[in-house]
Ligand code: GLN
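Given next, in structure tokens, is a single chain: the form predicted on its own.
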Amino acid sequence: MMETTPGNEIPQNSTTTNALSPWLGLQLQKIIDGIYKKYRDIDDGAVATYIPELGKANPKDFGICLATVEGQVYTAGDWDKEFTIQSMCKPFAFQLALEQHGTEKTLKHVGVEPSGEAFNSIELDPKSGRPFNPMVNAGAIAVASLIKQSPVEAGVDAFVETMGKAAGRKLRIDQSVFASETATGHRNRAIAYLLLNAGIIDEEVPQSLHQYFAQCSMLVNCKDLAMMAATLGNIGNHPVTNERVFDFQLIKHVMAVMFSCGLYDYAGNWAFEVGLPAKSGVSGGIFGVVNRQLGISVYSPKLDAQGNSVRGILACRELASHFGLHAFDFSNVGSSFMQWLL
């Protein structure tokens, strides 16, 4: 399904004016519909159950969304099905930490190197003593400690409000998932106390964990994620409202870490095959950013052994192949993802 802003016009306050023509839009929609139909019956993988509430997801759900930086939205399948953002909150939290504390201070608490370990590993970088990067749980908890507020709900509300500005609608926390995360997050508690022992976070460990668990429990759908990604790609401005959401000078740091660390133990293969800054989550979502062009998102809750959506990986590979989205693809000439149609 193709969507545009009211009146099928791009907002006059948009940062760009080269909106896709109706014919190009129809071709783009046709490709997305074809990818959805091609992979919707794939049944590999398993729904995550280590957080009990996640195990309730419908394994048949599958949605795709592309949002351009001009504000056009293209969708297929269950694009409007809500799910919790989980680890896909991590790049946005890192962005907020950089904005609030600056690069130098933030990097005293978390590194930017791929870990080579599982995302929930109870381990710090032996060279620096910091978490390896903000995309693994240790780094994300360190970041949560930086952006928490007092009272703790103020920090959660600030995060959700900012994410709502990036998504273009008001977002909320799934209280059932939050309760489930809090009740079963013992490994994350162990990580947090390791961070405290190493001097990475302060003594307000419960508050830092509250911030982290709540961030992961925020509800989104494919359109929200694609718009959030497009906001990053649109130098921090929302594609429709043109509201400044993120500091554009810091986005490059976030996307660099997403590119190298965003897909758990699959990050190297993702960079090789798809070639986009991206982040996945164990709820089954993946979002990616094509700088100055668009945001993409896919949702399907059945995961592979690395914790990434099986259908999501397949769909993103094909999207990248069709449109030349890989950062180093020869067809990505002139920073135009529609070169192949011209």
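It should be emphasised that the depicted structure is a prediction, and the values quoted were computed from it without experimental measurement. Residue numbers run from 1 along the displayed sequence.
Absent from the display: the form predicted in complex with the ligand. The rest refers to it.
Here the chain stands by itself, but in the model of the complex one stretch of 208 to 216, 250 to 258, 162 to 170, 230 to 238, 208 to 216, has heavy atoms within 4.5 Å of the ligand. A heavy atom within 4.5 Å of the ligand in the model of the complex is found for one listed residue only; from G295, G281, P301, P277, this is G281. The listed set N221, Q72, Q95, N137 contains one residue whose heavy atoms approach the ligand in the model of the complex to within 4.5 Å, identified as N137. Proximity of Y50, E181 and Y264 to the ligand in the model of the complex is complete: all three residues have a non-hydrogen atom within 4.5 angstroms. For the chain shown alone, F119 is a contact residue for the ligand in the model of the complex, at least one non-hydrogen atom being within 4.5 angstroms. At a distance threshold of 4.5 angstroms between non-hydrogen atoms, S115 is out of contact with the ligand in the model of the complex. In the model of the complex, the ligand lies within 4.5 Å of some heavy atom of N188. For the chain shown alone, T106 is not a contact residue for the ligand in the model of the complex, no non-hydrogen atom being within 4.5 angstroms.
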